[in-house]
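Coming up is one lone chain in structure tokens, specifically the form predicted on its own.
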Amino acid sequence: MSDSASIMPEHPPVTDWINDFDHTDPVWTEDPFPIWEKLRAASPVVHTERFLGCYMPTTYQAVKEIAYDTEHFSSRRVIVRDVRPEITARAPPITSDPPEHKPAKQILLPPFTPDAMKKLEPRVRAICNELIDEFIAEGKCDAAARYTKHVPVRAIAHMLGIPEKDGDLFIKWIHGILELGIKDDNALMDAVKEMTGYFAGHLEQRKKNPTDDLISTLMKAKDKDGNPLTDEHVLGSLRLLLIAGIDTTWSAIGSSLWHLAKTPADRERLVKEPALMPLAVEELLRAYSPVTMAREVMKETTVSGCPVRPGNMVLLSFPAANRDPAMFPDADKVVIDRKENRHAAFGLGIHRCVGSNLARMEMTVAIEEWLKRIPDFRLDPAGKVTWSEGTVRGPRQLPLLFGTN
């Protein structure tokens, strides 16, 4: 396949969001919230002919129905793209359906317990301070490029037992898979191939010299029949941990700092009342949920009264569900001490995020350490905030000025 053949045609701009939505349109990328409101007012499920046919549930209830329905909806494809090539590389358990899903997920649970996170927390606090040391004297920084991106990258590298300096490679692969790969098949395949080769090398090293890290934990794990996992399964799970564990948390930390930079009242309150942090983290997760997943319709059914047919994908927008006023009073407002907050930022149903304890801890620590060192900051009017396109939404440029001047 030539390079030109692998790049999909440019999408025409959207003029009718209700019947022709496109989550990669620049208008959506910049500010999706009014679009979701418009779609929700029109119907609990909308459809587009783009992406070879795709539905989007717009309400919390419709998102929940699909997330819990593994009979009619498959997780074998988790990104809505312009093409649906043959599935060659899996990333269990996120791409698994029952009955394979449960044993694959259970293997991943022990490394992410709250106790395991407590042991990791001091290293994450140190990472945050090492990063801040590099730019605090400058009085400003692009927080996305110099802070939010690196916290989860270094933390997951530390857990996996691979060099933290390899983080730049991870960032390149994630960009290839989650952003470029929506419209460029070669970019996606190249990134998956490079990542798989990198981890295969680490597996070979550990077969000769076992270590005490997350890669070795997976290599020692047994499947439901008591057999060791295949290298392919281990590599798939490592791909998942990298893709699902980095971009998502970097986006959530970035959106949180963006909100605090433009909302001095919330920032000052968190500095004065640090005990509010757990509630504030949950509210920032709800209001700026980074992750939109996908399902594939396998059998005809109805969702919230709307017919849904096979041959279509589903854009499963947990962020849109979290802005549904039927579920959350003042859904469009960030209320940092919101008490009742059953948000879906980590998903719903059997695929609920295995790393939610890690993400919460990283977010909490990254915001706490930033506020301790840089309690006053604001958006830099000379710069521009830009947002990522597609599956995971968060600031990719976040120019900030420190101090109150």
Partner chain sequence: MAAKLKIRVDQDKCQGHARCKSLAPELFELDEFGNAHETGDGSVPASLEDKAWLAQSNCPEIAIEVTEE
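What you are looking at is a predicted structure, and each value in this text was computed from that prediction instead of being measured. Numbering follows the first chain given and starts at 1.
Only in words, not in the display: the form predicted in complex with its partner chain, which the text now covers.
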query: Touches its partner chain in the predicted bound form: S43 (any heavy atom, 4.5 Å); finding: no
query: Touches its partner chain in the predicted bound form: I350 (any heavy atom, 4.5 Å); finding: yes
query: Partner proximity in the predicted bound form: R373 to its partner chain, non-hydrogen atom cutoff 4.5 Å; finding: no
query: In the predicted bound form, T113 touching its partner chain (heavy atom, 4.5 Å); finding: yes
query: Contact assignment for its partner chain in the predicted bound form, among F51, Y60, Y55, W36, heavy atom within 4.5 Å; finding: Y60
query: Residue (of T302, T263, N129, Q106) lying close to its partner chain in the predicted bound form, criterion heavy atoms within 4.5 Å; finding: Q106
query: Candidate stretches 22 to 30, 341 to 349, 43 to 51, 364 to 372 - the one whose heavy atoms come within 4.5 Å of its partner chain in the predicted bound form; finding: 341 to 349
query: Those residues of 251 to 285 which, in the predicted bound form, come within 4.5 Å of its partner chain by heavy atom; finding: L279, E282
